[in-house]
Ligand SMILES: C[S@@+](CC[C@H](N)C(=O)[O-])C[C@H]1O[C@@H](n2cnc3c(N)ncnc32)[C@H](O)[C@@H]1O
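For reference, the chain that follows is the form predicted alone, supplied as structure tokens.
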């Protein structure tokens, strides 16, 4: 279901002078707005929720106020953000702040003992995680160079990297890492281990296609349901060379197309582009308008 509904923005963390990193959730950003709209349809009322990657805390406030979540726990790879999120919740939803408990420190997915303990028994896990391999990852750089004739152009600021990219070679044992979803698959497996009855709600870029996104849920024991989607402009901070290399690597005999990614030349999503075509446009003009969809997908345990 595609929608253009606009959500009322929460206060931005930096409005109160908090040191908000550039990669933390901004309620004015279409990715965040889409994610929050999807969360409203995820059945979180009176439920216990764990957010992986809490950012500024904007989603915590939204889940407590707009979704009626009973209790929210969360963690982040950046150790600054749990404390920032706690301040934001105390400021923007003071009457509900007692329902939020941040997990301190740097937590990658749910890889610490405290995070795993907090995850057990929750009703839902929500996350918006990177789905593009880091072009500075050695294996990714070799892959792009082999199929594009050169390394992917570096577009990301250093402090924004964890929001846009993930270390591709670290997840090579996972099947969906081949299409840039290794971090997502690792999370699905960890949730199945720690909270096997929990619903999982993920915010995706649809660049590798809905069939692939549905497939990663089913392969890891979840029934997928799309909650909301909208077309957004491709971020200037995230390169798309990996997706173009995927298409080049999958070409069949006689240059027949293989795996095709999903981009658009217009904000309505009516003029499809392959990743190769989209990259050619952006290489000629990095400010050129190129679009793709983002969607929120809910996965329920298949058993």
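Just so you know, these numbers come straight off a predicted model, no measurement behind them. Positions refer to the first chain, counted from 1.
The form predicted in complex with this ligand is left out here; the points below concern that form.
The stretch among 135-143, 77-85, 90-98, 212-220 whose residues place heavy atoms within 4.5 Å of this ligand in the model of the complex is 77-85. Relative to this ligand in the model of the complex, residues 32, 51 and 107 are all within 4.5 Å by at least one heavy atom.
Interface membership of residue 130, defined by any non-hydrogen atom within 4.5 Å of this ligand in the model of the complex, is confirmed. This ligand is not drawn, but in the model of the complex it has no heavy atom within 4.5 Å of residue 174.
Though the partner is left out of this view, residue 229 does not reach within 4.5 Å of this ligand in the model of the complex, counting heavy atoms only. In the model of the complex, this ligand sits within 4.5 Å of a heavy atom belonging to residue 163.
Put simply, of 195, 202, 183, 208 only one has a heavy atom within 4.5 Å of this ligand in the model of the complex, and it is 183.
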